[in-house]
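As C-alpha cells, one chain now follows by itself in the form predicted on its own.
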Amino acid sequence: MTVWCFGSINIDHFYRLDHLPAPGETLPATSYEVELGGKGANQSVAAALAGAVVRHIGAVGADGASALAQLEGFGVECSGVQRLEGPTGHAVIMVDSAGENAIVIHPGANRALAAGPALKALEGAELGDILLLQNETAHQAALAEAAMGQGMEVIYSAAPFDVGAVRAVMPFVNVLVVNAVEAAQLQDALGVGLEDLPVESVVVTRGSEGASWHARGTPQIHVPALPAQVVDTTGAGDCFTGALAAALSEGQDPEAAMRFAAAAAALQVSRPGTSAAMPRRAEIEALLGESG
C-alpha cells in the first residue's frame, strides 16, 4: 500500500540557545541551521525512511525549490505538490540545551494551496492506501472526506490543535493521533472520553511515558517509550506518526506498529533537527532487536 501525505512543507530556521528567551530577553544563538520541515514533510520523510512508498500532496512557494528537492531526496514522490507564488511556509525554531523548543510558524503556501489540484492528485490512490494529514494546510476536511470515499484509511494528526478543525475532519478519520495535552483538550471540548470519540481508534502519545492505542470495545494497547538521550524533541510526534503509518501500511497489527513507531521516535529525539533526524528502517529494526 502507498502512504499519501497531505501536509505542510516548511523551511525550518533552527536557533540553538542555552535557554529559551524570557519576555523581553535577547539571547545570542550558539548555532543556526536551515532544514526541511513542516508537519506534513516531516511525516512523509519519516514514513519513507521507515520503508513506505510515500506520495506527498501540498504546496511550496517561489522560494521552495530547495525544500522540494530535499523532500524528493528522501524518496518522497512529489508530483502532487503545487508550485505557487509567494513564500513557502517557514518556521523559526528555538531549541535549548535540554532539547525543549519554542516554535513560530508562518503558513505561506501551505494555506494558499488550491483544493482542486490536491483532490485531483488524490485520485491516483487505491483501495486500502493510507492518507496522512495534519492541521497546517487548508482543505483538510475535503481531502479526508475524499480519501474515505475512495476506501482509504485516514490517519489524522490533530496538530497544531484546533477544536474547530478537529470537529470538521473527525467524521472522515479512522485513526486520530493526539498528544496527551491535545487529548485532554479534545475530551473537555466534546464532553466525551477517548473511547466515545466518533473515530475507530485514537492514539495518544505521551513523550517519555510512551503511547497508547484506544479503540472502542477492545483493550487499550500501551507501549513504553524506549530509552533515549534527548538532544532535540522537535518533530518527535511527526516521526512517531509517519513511522506508525509505514508500519500499518505493511499490515502490522496496532501493537507491533506502535512499538515500531516508538523505536523510531526514540532514535529521532537523540539527534538534532527534524527531517534530517528521521531514522532509517534498518536503524529502527536494530533498536527493536536490542530492546527485545
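A quick note: this is a predicted structure, and the numbers were derived from the prediction, not measured. Numbers for residues come from their place in the sequence shown, where the first is 1.
A second form of this protein, the form predicted in complex with a small molecule, is not displayed here; the remarks below concern that form.
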Original post:
Which listed residue (103, 165, 98, 138) meets the criterion of a heavy atom within 4.5 Å of the small molecule in the predicted bound form?
Top reply: 103
**OP:** Quick one: find which of 30-38, 54-62, 240-248, 255-263 has residues within 4.5 Å of the small molecule in the predicted bound form by heavy atom distance.
**Re:** 30-38
Subject >> Distance check, residue 91 to the small molecule in the predicted bound form, heavy atom within 4.5 Å >> reply: yes
**OP:** Consider residue 44 of the chain shown here, and say whether it contacts the small molecule in the predicted bound form, taking contact as heavy atoms within 4.5 Å.
**Re:** no
